[in-house]
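Below, in structure tokens: the form predicted on its own, a single chain.
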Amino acid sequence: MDWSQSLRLIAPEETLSIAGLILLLVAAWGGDKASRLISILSVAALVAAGVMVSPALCGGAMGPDTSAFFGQFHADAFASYAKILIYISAAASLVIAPAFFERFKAMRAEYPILVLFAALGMGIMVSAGDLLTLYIGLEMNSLAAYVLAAFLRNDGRSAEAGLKYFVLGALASGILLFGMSLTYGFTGTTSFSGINAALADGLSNGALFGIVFMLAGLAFKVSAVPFHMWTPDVYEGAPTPVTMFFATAPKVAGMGLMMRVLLDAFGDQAAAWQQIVLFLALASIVVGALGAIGQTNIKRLMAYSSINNAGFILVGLAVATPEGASAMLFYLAIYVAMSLGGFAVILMLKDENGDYVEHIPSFAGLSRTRPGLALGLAMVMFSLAGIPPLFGFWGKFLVFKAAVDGGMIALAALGFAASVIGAFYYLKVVKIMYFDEPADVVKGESDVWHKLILVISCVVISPLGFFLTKWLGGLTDTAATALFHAL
């Protein structure tokens, strides 16, 4: 193995690691007064890491030349695509945080550092080529996420969210570890390529149970049904910038890791796991749609929307083809834009005292009192519902097209029918804003970063986003091809 080549391939992770350690020292010496400076430097580190991974994506890097440390790490186009989405999500959660935490006098220097280390862990997850690398990245992300969920120490809801996330996350990690141990025991290796080779002649019952337990652990990370129970409580209780982070970056990392495991390690045994993924997809679509109908808190509604969208994304994985993988990656990019825009609006919904308004009936008549905010939230809701001509429609269209092309017409039909059900609760929010008598509750001023993120998100999900179709489609096709040539 060429150590210099391996170290060059992990340069983005080295950058984030060194930046995180240096900023820890700055936080120790400067205290919370240095939190804004640390946030700026953390965003700069994420941008630098994004620049470093871009050539691999643009150049379509794949194959043995992208493998580091005896195949434990893959710096290919697929990993680069996922990392860019992760870094964008992490940077957005950093720039919108100060205005929120200063309202509670809770902005601490640790926040940007925790986000930085969580992003580092997620980058390792999507580059994993070995079960050990997978677990290191996943736990690095999870340990930071547990603290972030409980970051508002004087808020009971935040403490409850952190505790629930920690307990259920530990259970999911244990299930995943058990699945990994079974897989290792019945294949004799932790390498994805080695597992694939060991299972070439057939799948034993023990290895099948390994797949089942690993899928259960990974399903928790993407909040797929029936491992979704933590999502509404954590989304509601966690600080809103943290909820924005949870709804975007870990979703990309979890989906990327699931694609790595199933399409790399168990790619030749797709028949063994497709039925499981089919169930996860359909159950998530239906439960996400039905569970959101009765919600009156906007953050809980977004939690069920996240579960619902996880189901649509998993439709592409169930197909187990490069077209399905490309559709998943395309959908993830649109989903990140929609979620960032949605939570930017939530952060802008404040009453005259500056307190955050999360009760959906309080949005009544918002189109007459704050037309810009109402338009932004309406665009997000329509796009999440997949209503043309907004860009969210194209994501659903691609995963359904991949399912039809893969011979799974029934899956596409059921998914389409469930998406019609899910449109109800999105349209309910729009109806309250545009047709109910004004409640005149939302009066607070908004931070410039919130406005900027909302404007950018709305431009991306608007009909103008269709101009990105060819360019983004080319990137997702390249990333999907690299994934299928990783071994």
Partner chain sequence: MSGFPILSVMMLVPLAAGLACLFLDAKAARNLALVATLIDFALGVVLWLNFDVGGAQWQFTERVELFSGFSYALGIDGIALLLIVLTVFLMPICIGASWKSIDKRVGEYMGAFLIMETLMIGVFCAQDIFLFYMFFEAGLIPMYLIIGIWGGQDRIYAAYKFFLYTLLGSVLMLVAMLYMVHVAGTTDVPTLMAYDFDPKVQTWLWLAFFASFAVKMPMWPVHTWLPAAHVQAPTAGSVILAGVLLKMGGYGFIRFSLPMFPEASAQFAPLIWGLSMAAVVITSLIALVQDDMKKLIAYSSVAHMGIVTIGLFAFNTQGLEGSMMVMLSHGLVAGALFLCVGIIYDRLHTREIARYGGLAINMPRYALFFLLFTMASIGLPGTSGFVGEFLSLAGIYAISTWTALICATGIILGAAYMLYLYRRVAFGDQKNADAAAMLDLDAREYLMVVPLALAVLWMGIYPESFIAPMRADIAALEARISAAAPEGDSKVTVGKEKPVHEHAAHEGAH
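Positions refer to the first chain, counted from 1. Predicted, not measured: the structure shown is a model, and the values here were computed from it.
The form predicted together with the partner chain is left out here; the points below concern that form.
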| item | value |
| --- | --- |
| Stretch in contact, per heavy atom within 4.5 angstroms of the partner chain in the predicted complex, of 262-270, 401-409, 247-255, 354-362 | 401-409 |
| The single option of 389, 156, 202, 206 touching the partner chain in the predicted complex, heavy atom within 4.5 Å | 389 |
| 455, 448, 420, 47 - the one with a heavy atom within 4.5 Å of the partner chain in the predicted complex | 420 |
| The partner chain in the predicted complex reached by all of 73, 111 and 146, non-hydrogen atom within 4.5 Å | no |
| Distance check, residue 435 to the partner chain in the predicted complex, heavy atom within 4.5 Å | yes |
| The partner chain contact in the predicted complex: residue 132, any heavy atom under 4.5 Å | no |
| Close approach of residue 293 to the partner chain in the predicted complex, 4.5 Å, heavy atom | no |
| Partner contact for residue 229 in the predicted complex: the partner chain, 4.5 angstroms, heavy atom | no |
